[in-house]
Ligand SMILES: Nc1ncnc2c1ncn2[C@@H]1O[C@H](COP(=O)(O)OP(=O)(O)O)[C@@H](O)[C@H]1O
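The chain below stands alone, shown as structure tokens; this is the form predicted on its own.
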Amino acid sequence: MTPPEKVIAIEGLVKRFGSFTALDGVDLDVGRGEVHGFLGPNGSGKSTTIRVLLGLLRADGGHVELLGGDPWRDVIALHRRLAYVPGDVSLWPGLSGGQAIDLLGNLRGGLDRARRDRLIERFELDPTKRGRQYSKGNRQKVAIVAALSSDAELLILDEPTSGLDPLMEAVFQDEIAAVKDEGRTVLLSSHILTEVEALADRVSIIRQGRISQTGTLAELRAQTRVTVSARLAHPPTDIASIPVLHDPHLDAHGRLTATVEPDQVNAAMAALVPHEMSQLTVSPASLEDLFLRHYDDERAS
């Protein structure tokens, strides 16, 4: 099978601010039609990478290609083919939300009017209010509607649902799934890990200016222990004596929780069978578990 065309191709990206190296050899690629989650704690280099992609910062080293062009040299042409939603949207105070959506759409060569009207309704946005009258959540809605109403090939979304309530987050997820079905590409940075988990085909975790891990959720989970929970009718005297269990905890009611290496689940079950287990659950690592593992490693280093 031919690999998908790369909409974003970054190799060895370096960006310095004086003596501080914000990006230290970032490698990141996003294929056409992919929703790619981009995760990292504050200060990890996430926003700096996005600013380089948007042509707002010039790289100090490495190779960066966006939609087949150079984001610094070809910034005007490329911005007609992409849409960007930041985590804190500023609007023109005197323009209405509808006027702001239309203006942003015209900068990208126009928008789909029917789609615009449908999205305004779905996001429960009043387009007649002025920018100065909007709450943070409604300012985010204006930017989201403007981005999704366009025919942009690439959506770069940096904490796009910041300030939205859970209902609107669910609407956002539906609309991004529809964008993916249209074959468009999304780079999604979000602190709402369940959002990324629901939408992303692949995930990249950036840590201290470097990509520490990239892959599908299945690939990342295969490298992380699963959680086992069970009630034991006849618990062992020393739960730590079962070597395949990591960090085991057994309460006074015989309720066991522990973690197990992915390739040791069968061995763990075999070890627990003699203790008459019931109410068994085996849970793979969530994206939050994966992210927090990297974050905890960073704090410990």
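Keep in mind that what you see is a predicted model, and the values were worked out from it rather than measured. Each residue number is its position in the shown sequence, starting from 1.
Not on display, but discussed next: the form predicted together with the ligand.
With the partner left out here, the ligand still marks one of 26-34, 268-276, 255-263, 41-49 in the predicted bound form; by a 4.5 Å heavy atom cut-off that stretch is 41-49.
Proximity of I10 to the ligand in the predicted bound form: non-hydrogen atoms within 4.5 Å are absent; the residue sits far from the partner. Although the partner is absent here, L290 sits far enough away that none of its heavy atoms falls within 4.5 Å of the ligand in the predicted bound form. Under a 4.5 angstroms non-hydrogen atom cutoff, the ligand in the predicted bound form lacks A285 among its neighbouring residues. Contact annotation for 254-288: no residue has a non-hydrogen atom within 4.5 angstroms of the ligand in the predicted bound form.
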